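Before any questions on how it binds or moves, here is one chain, the form predicted alone, in structure tokens.
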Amino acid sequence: MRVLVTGAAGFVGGHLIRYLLDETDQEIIGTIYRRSPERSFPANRVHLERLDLREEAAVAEVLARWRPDAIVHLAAQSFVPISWEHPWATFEQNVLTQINIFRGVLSARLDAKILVVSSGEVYGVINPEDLPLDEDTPLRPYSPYGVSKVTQDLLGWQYHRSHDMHIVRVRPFNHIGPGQNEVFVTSSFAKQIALIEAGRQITPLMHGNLDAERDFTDVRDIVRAYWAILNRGAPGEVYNVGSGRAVSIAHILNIFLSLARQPITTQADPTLMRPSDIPKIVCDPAKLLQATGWSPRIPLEQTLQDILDDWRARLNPA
């Protein structure tokens, strides 16, 4: 079986490819944006293609040449605040790239399973009575990023219905782990702690809204869920992916502070507050569990330890 993973240089793409290398015998093709840094994967198992997924002809050529049996579309603009500043660029990276993949699959007459990665952000404005969020919760996105993910989500359903394509959709909630960009909250906390420990940042540690509660899952559990859904999910269906547990940012920060090698003070930074923020978000992953038997394995405390150790290693290689 030949699997194509878009966004191979990204946070989730890298973890998915490592999972496939460790747990399966799949041949893997990874797409990387032309200006992305090089990724180190075994050359006999992973073939890397540098291209811009916004270019329809380039996407069609890669799909026709490799003829994958499965496609996991991970390439995206995934940071919500950027979407407020660059809404159209977010749409191009999230929606146009997916349309190009669908059209390339149809053009090459591929019979490929496709995983469309939407987001828990599609639920948007959440009322307390909506919690926990299941797949029938109304979609009320409150950011341009959320709207782009609703579009990806519904395009996946539409192409499945219109062209009988084997498309399965997922709505992942907050996923965290080693290797994530520092713009995301857990990675930001860990990097600041590692810098303070190394004497390269003067305390305090800066943070945004600590009252928000989110559904956090280790990225290594997330990619395991993606693979299970791609293989056992029903075409046309959509599945929430998350822990089913809400954790406050304050709790996350307190765990990090307990793992620090020295006392660290903290301070709120108004620039880290979002234009709109939902107090509590937690998903109902029952549909996913029923379809695949998946559940998270990695405890939150272990995830946070791994994120901090990763930043320590990145900042102090010796």
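Quick note: we count residues from 1 along the sequence shown, nothing fancier. All values derive from a computational prediction rather than experimental measurement.
Beyond what is shown, the protein has a form predicted together with a small molecule; the following relates to that form.
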Item to check | the small molecule contact in the predicted complex: Trp294, any heavy atom under 4.5 Å | outcome: no
Item to check | 4.5 Å heavy atom contact, Leu51 and the small molecule in the predicted complex | outcome: yes
Item to check | Non-hydrogen atom contact Phe102 with the small molecule in the predicted complex at 4.5 angstroms | outcome: no
Checklist entry - Is there a heavy atom of Tyr145 lying 4.5 Å or less from a heavy atom of the small molecule in the predicted complex? => result yes
Checklist outcome for this item: Partner-free chain; cross-checking the small molecule in the predicted complex, the single residue of Ala76, Ile176, Ile193, Val168 with a heavy atom within 4.5 Å is Ala76
Item to check | Residue (of Leu133, Ile114, Ile229, Val117) lying close to the small molecule in the predicted complex, criterion heavy atoms within 4.5 Å | outcome: Val117
Next on the checklist: Based on heavy atom distances of 4.5 Å or less, which listed stretch (252-260, 279-287, 51-59, 265-273) is in contact with the small molecule in the predicted complex?
Outcome noted: 51-59
